[in-house]
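The data below hold one chain only, encoded as structure tokens and taken in the form predicted on its own.
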Amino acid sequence: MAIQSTVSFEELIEECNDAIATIDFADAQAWKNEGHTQALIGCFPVYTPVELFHAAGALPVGLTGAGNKIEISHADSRFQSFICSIIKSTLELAMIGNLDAFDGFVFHSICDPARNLASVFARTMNTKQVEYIHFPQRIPSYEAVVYLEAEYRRILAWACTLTGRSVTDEDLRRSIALYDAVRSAIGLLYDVRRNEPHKLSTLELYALVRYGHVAPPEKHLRILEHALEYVRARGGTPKDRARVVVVGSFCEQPPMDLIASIEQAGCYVVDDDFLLGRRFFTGGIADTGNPLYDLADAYVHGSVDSSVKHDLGHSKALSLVQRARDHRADAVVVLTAKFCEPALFDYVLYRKALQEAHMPHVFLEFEEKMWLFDKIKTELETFVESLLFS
């Protein structure tokens, strides 16, 4: 997508929405067919070291399920009933041929169903390469960074077999710098929404970030930079709404109409964990001369809290309370995918910490195949009224 200076912000958002609404990954396939990349690698949420694949000459493409755009006709026979929607819809995409243009797929230890999905993909897509990243589970240990560096080296070698290229440290530095620029631009947009939420809706921000799942980072960065120029110059008057932090949607993504319903119910979403892997680090990645070590160190020591990263060195629940306070939030909305065990486990801790801090919160569940949101919207409207008029 070529962004022209004459394109309005509304047209920019519409083009992003068009790209992420399709389930055939047309933009990524076109990029490959035009010879810009040697391979497409599908990356299952939450976080993947996309810099490794980009440096190897591949295009990392985010797999975020299919939402309510397909019927589950084949994947049901491979999984039990009580699992989250994204597992089945992602497998369904593979089984109906929508992922045939991909050369490889990468999974990691989000949860038991995600681990099983990697094995099922390997059997179902037996002509494709399937790899699994083993992230460290003992984050505070000294060996965590050294271990993860070795794991990244293994994954990089696998990516190079798909593209037929060798990778130098300078290749890795360029890719890290590019994705750092993308993360920085996303962070600046999040700053605008936090400080002036009337200038940038969460639905618009979501479209801008998710476009990076289906497009090359070079194009994504240009779009983000243009969007930042637009929203900074935007006018508007703040409305009397509740400022909320939304957590729990780090893997399976809520339907976009549900995100719209949260705002329509009278909320300014001032922070969230949607598409968390695209802004997984708290700052830029250091350059010590060993880019693989730097990437591993950033994951271990410089990444955000997540329900799929287990760091016993501090409390995620207390960090959530502080995060809500730092964002001047009136409340926290815990929005989790149905049957999402990591989110439900964390909610037990969140609930206790939020109650002890006297921070109001509401717990809601969704499925990516949802069509109607009246019940959730009504619950939120009632909750917001209790905040504004208490």
Partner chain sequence: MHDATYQGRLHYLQKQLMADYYAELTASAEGNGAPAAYLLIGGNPVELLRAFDMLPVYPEVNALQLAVKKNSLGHIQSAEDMGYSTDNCAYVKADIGMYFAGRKTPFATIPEPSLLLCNYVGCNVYLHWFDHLAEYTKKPAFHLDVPFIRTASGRPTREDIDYVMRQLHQLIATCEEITGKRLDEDKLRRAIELSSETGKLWSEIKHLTKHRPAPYDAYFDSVTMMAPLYCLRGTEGGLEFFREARDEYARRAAAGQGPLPREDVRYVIEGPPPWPYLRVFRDMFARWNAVAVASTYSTVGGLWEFGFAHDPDHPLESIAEHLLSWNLTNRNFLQRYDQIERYLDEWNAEALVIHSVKSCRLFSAGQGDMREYFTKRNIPTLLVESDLEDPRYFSEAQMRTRIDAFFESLAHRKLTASASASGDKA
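Note that the structure is predicted; figures quoted are calculated from it, not measured. Numbering follows the first chain given and starts at 1.
Here the subject shifts to the form predicted in complex with the partner chain, a form of this protein not shown in this document.
Checking 166 to 174, 265 to 273, 237 to 245, 122 to 130 against the partner chain in the model of the complex, the stretch whose residues place heavy atoms within 4.5 Å of it is 122 to 130.
Exactly one listed residue, out of 159, 296, 110, 205, brings a non-hydrogen atom to within 4.5 Å of the partner chain in the model of the complex: 110. Checking 83, 228, 215, 101 against the partner chain in the model of the complex, a heavy atom within 4.5 Å turns up for just one residue: 83. Though the partner is left out of this view, residue 209 does not reach within 4.5 Å of the partner chain in the model of the complex, counting heavy atoms only. Although the partner is absent here, residue 312 sits close enough that one of its heavy atoms falls within 4.5 Å of the partner chain in the model of the complex.
Contact annotation: residue 71 falls outside 4.5 Å of the partner chain in the model of the complex, judged by heavy atom distances. Contact annotation for residue 30: none of its heavy atoms lies within 4.5 Å of the partner chain in the model of the complex.
Proximity of 143, 307 and 342 to the partner chain in the model of the complex is complete: all three residues have a non-hydrogen atom within 4.5 angstroms. Contacts with the partner chain in the model of the complex, taken as any heavy atom within 4.5 Å, map within 325 to 353 to 338, 339, 341, 342, 344, 345, 346, 347, 348, 349, 351, 352.
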